[in-house]
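This document opens with one chain alone, in structure tokens, the form predicted alone.
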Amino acid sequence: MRDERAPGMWRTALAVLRKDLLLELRGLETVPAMILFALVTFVIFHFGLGRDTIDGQLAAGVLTATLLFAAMLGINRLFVAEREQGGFDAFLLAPVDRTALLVAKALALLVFLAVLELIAVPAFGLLLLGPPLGSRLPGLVAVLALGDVALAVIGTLVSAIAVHTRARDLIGPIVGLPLLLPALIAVARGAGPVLAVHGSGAPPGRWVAILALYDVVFALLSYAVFDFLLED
């Protein structure tokens, strides 16, 4: 049944995604806040660590942690418009596949993360990183892309849970961070050799495989439970 409704689901998801992106372009509330948070955090690390440059595992840890906490700003606001303007009720009453909302919100968060990293990664290289990115960039992009998928999928699921509570700004990190921890460890471990001074520039295959598997497992889990979250 869901296979037969797949084209309609994607049309609905793309319509919701277009709406979210237009709202962000008009309001500029979420992505600029994420970018500003990341840049300020890099400046704090630059002066707080007392070092001119960092590399290897330390650099990977700083980058991963900064992107994670910047992403939490976007995760917390992902369903705010639907909650405040009655979008959930309208979506439940509409004759559409409810999974489309999960897909649309995950894609929107993925776009937000991509825009964030387009600015944050060069800023990180300028302010903190010792070895120039250069040929290392493709390996870093691959690891970050897999990490972004985990953030988008789990972040959307957690945001759908948190938005129905009064303390959504607290519930999101409390629930999301433990779920994201394995993926974040894999991102940091995968990016460490890429950012090392004498590294090969290619992420270790083991961590890439773990990240990919984690993405698939949570994508299927989110697909299975999202309908029940909307009902609640």
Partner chain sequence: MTTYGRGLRGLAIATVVTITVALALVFFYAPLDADQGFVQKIFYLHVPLAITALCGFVFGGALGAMYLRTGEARWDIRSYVAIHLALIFGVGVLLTGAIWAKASWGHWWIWSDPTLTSFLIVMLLFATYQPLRFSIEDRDRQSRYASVFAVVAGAFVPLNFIAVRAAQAYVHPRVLTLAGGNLPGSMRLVFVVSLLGIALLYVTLWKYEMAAKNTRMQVRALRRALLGDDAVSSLKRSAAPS
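Please read all numbers here as calculations on a predicted model, not as lab measurements. Numbering follows the first chain given and starts at 1.
What comes next is about the form predicted in complex with its partner chain, which does not appear here.
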Leu116, Ile119 and Leu126: each with a heavy atom within 4.5 Å of its partner chain in the predicted complex?
-> no
In the predicted complex, Pro178 touching its partner chain (heavy atom, 4.5 Å) = yes
Using the partner position in the predicted complex, report whether Arg26 sits within 4.5 Å of its partner chain, counting heavy atoms only.
-> no
Given that the partner is absent here, does Trp207 sit within 4.5 Å of its partner chain in the predicted complex, heavy atoms only?
-> yes
Val31, heavy atom within 4.5 angstroms of its partner chain in the predicted complex = no
In the predicted complex, which of the listed residues (Ala150, Ala104, Met72, Leu157) lies with a heavy atom within 4.5 Å of its partner chain?
-> Leu157
Pick from Val197, Ala202, Ile185, Ile44: which has a non-hydrogen atom within 4.5 Å of its partner chain in the predicted complex?
-> Ile185
Go through 64-72, 159-167, 50-58, 32-40 and give me the stretch that gets within 4.5 Å of its partner chain in the predicted complex, heavy atoms only.
-> 159-167
